[in-house]
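Starting off, we have a lone chain in the form predicted alone, written out as structure tokens.
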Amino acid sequence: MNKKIWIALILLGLLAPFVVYPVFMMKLLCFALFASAFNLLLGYTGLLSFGHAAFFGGASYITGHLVKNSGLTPELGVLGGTLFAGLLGYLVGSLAIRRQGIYFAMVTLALAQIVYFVALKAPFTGGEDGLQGIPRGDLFGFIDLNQVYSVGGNPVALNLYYFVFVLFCLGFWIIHRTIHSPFGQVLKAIRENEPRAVSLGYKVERFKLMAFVLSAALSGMAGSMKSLVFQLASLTDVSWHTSGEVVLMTLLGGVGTVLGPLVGAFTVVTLQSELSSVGSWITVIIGVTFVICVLLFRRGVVGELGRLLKKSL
């Protein structure tokens, strides 16, 4: 992405809470970072994980526990959740990368279900009720994330929003920088032709593991942010449904594109928000939307738009 796109995205993010419901925007930023982190693994390394909710949800529980029961400030809580997700990613990745294709995906799903079972049975997670009442606290000890400002007559927690926005920008910048680094070029080479990458002397398993850990850590950052926004860490965050949602977001927006996961996250989160009144039918509607997009936009929305733009030029 060029500088103009970066500037436009930052300006949109800074002005968004004055136009759009801030809680919706914060949820969107959390899932956009989650989808972007997942895309780093699928779109640029060629590894399909069905268990990324383990890192997203696991970090939300850890952050909630650190902030609520250990009294840590929110930035340390997010850091703790991110580090936990990275460590869990190292353990899961070390086992999963020994297999390829569907076997890799099934291993990640199986290990994620173990995390789900731990979240259900562990004494500090709240079981089926989840970890509720997570305090947002004071950022760096003096910035109250609960403070509400009046914007257009509506109460808005601007401190919390901009904290989430800064973390999103940081995570997205790390992903963008990784993709366009020599490390990212090696990941693309592994995706395109792994045997050739091996023949060139690259230690493929090490690169895969590094990509897996980075993707897991950034997914954990997204989950940590979500636990502070909604003051809740629940079983939904670690369920296979959430793993499926992030796959859907990435495919809708465009696998292997920088902006694709953002578009996919925006589409899914918006549909969930606008169609919440239809109840369980929302799953059917999102499924139909996904089928239509796959049939009409095989490269995803951003991927097809990019192809059409190149063709017109």
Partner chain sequence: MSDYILETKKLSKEFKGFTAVSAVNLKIQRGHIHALIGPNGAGKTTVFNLLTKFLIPTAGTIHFNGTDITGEKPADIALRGVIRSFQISAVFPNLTPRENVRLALQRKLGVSYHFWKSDSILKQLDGRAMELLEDVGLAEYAEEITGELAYGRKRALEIATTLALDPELMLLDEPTQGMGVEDVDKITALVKKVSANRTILMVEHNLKVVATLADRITVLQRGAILAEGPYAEVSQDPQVLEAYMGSAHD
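Everything numeric in this text was worked out from a predicted model, so none of it was measured. Numbering follows the first chain given and starts at 1.
What follows is about the form predicted together with the partner chain, which we do not show.
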Worksheet item: Using a 4.5 Å heavy atom cut-off, which stretch among 156 to 164, 113 to 121, 90 to 98, 189 to 197 contacts the partner chain in the model of the complex?
Response: 189 to 197
Worksheet item: Do L76 and the partner chain come within 4.5 Å of each other in the model of the complex, heavy atoms counted?
Response: no
Worksheet item: Does at least one non-hydrogen atom of S150 fall within 4.5 angstroms of the partner chain in the model of the complex?
Response: no
Worksheet entry | Proximity of H241 to the partner chain in the model of the complex, heavy atoms at 4.5 Å | no
Worksheet item: Would I143 sit within 4.5 Å of the partner chain in the model of the complex, counting heavy atoms only?
Response: no
Worksheet item: F84, F207, F168, F104: which sits within 4.5 Å of the partner chain in the model of the complex by any heavy atom?
Response: F207
Worksheet item: Taking the partner chain in the model of the complex as the reference, which of L214, L139, L235, L109 has a non-hydrogen atom within 4.5 Å?
Response: L214
Discussion item. Only counting heavy atoms and a 4.5 Å limit, does any residue of 155 to 188 reach the partner chain in the model of the complex, and if so which ones?
Written reply: R177, T178, H180, S181, P182, F183, Q185, V186, K188
